[in-house]
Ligand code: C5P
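Only one chain is included here, represented as structure tokens and corresponding to the form predicted on its own.
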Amino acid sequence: MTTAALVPAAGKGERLGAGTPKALREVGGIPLLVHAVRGLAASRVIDLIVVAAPVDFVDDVRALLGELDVTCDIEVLAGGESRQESVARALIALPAGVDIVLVHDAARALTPPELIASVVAAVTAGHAAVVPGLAVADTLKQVDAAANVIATPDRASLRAVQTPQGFVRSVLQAAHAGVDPSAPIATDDAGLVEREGVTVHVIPGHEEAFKVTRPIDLILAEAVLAKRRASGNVS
């Protein structure tokens, strides 16, 4: 089977503060996007990576990724206004013959290659849609518009979902084709697939597949990278 990974990387990352787009912020002197692409390639289960880059940085991203020594092909195109639109654009750009599609956040830059391979293995084993997830440690509260608690979900049944999320190509294509323009924008592709009635299977996630969203996450990423470098485990 041929597998492609789509990387929506066009977000501004406003919660990280003013500056370059989030995917191009550096950890250990290397852009998050480069870390993410290296991790995908290191999994050795990806044949093609399609990056949806910030519109004003497409040429820069092409030059940046063109310098990488990886065995899989890399294509770069302009992303959209939302994550959902960026994924849709990358999905349309896929060549015929791709059977499995992963969608991976550039912000989850330090996701271990082993987790990426596990997602692909689960799709290959017969699951139409697969997401990695971690058990929730905090007690969660559901609130109303006035910020009053209306429910406390049982955290034993909850998972904090990560990426990459893996899909049979036709399933993901159908989910994007069936998007209702009046519906809320999905925060992940599994959400779109769920709306189509497809069962999404959860496999164990990994603590290092966290999403860099706030300045404190950059500090954590630096610590994880330093630990890897000290042990010689750097993709």
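Residue positions are given as counts along the sequence shown, with the first one as 1. In this text, the rigid core denotes the largest set of C-alpha atoms whose superposition between the two forms falls within 1.5 Å. The shown structure was predicted, so the numbers you read here are calculated from the model rather than taken from an experiment.
As for the form predicted together with cytidine-5'-monophosphate, it is not shown, yet the points below apply to it.
- Screening E81, E114, D154, D144 for any heavy atom within 4.5 Å of cytidine-5'-monophosphate in the predicted complex leaves a single hit, E81.
- Figure note: of the listed segments 119-127, 68-76, 145-153, 105-113, the one touching cytidine-5'-monophosphate in the predicted complex, with heavy atoms no more than 4.5 Å away, is 105-113.
- Interface residue remark: R25 is not counted as part of the site for cytidine-5'-monophosphate in the predicted complex, having no heavy atom within 4.5 Å.
- Contact check for S86: a non-hydrogen atom falls within 4.5 Å of cytidine-5'-monophosphate in the predicted complex.
- If you take 173-204 and check each residue for a heavy atom within 4.5 Å of cytidine-5'-monophosphate in the predicted complex, you get nothing at all.
- Once you line up the core between this form and the one not shown, the Cα of P184 ends up 2 Å or more from where it was.
- Annotation for the pair F167/P181: C-alpha atoms approach each other in the predicted complex, by 3 Å or more compared with this form.
- The pair P184 and V143 is at least 3 angstroms farther apart at the CA level in the predicted complex than in the present model.
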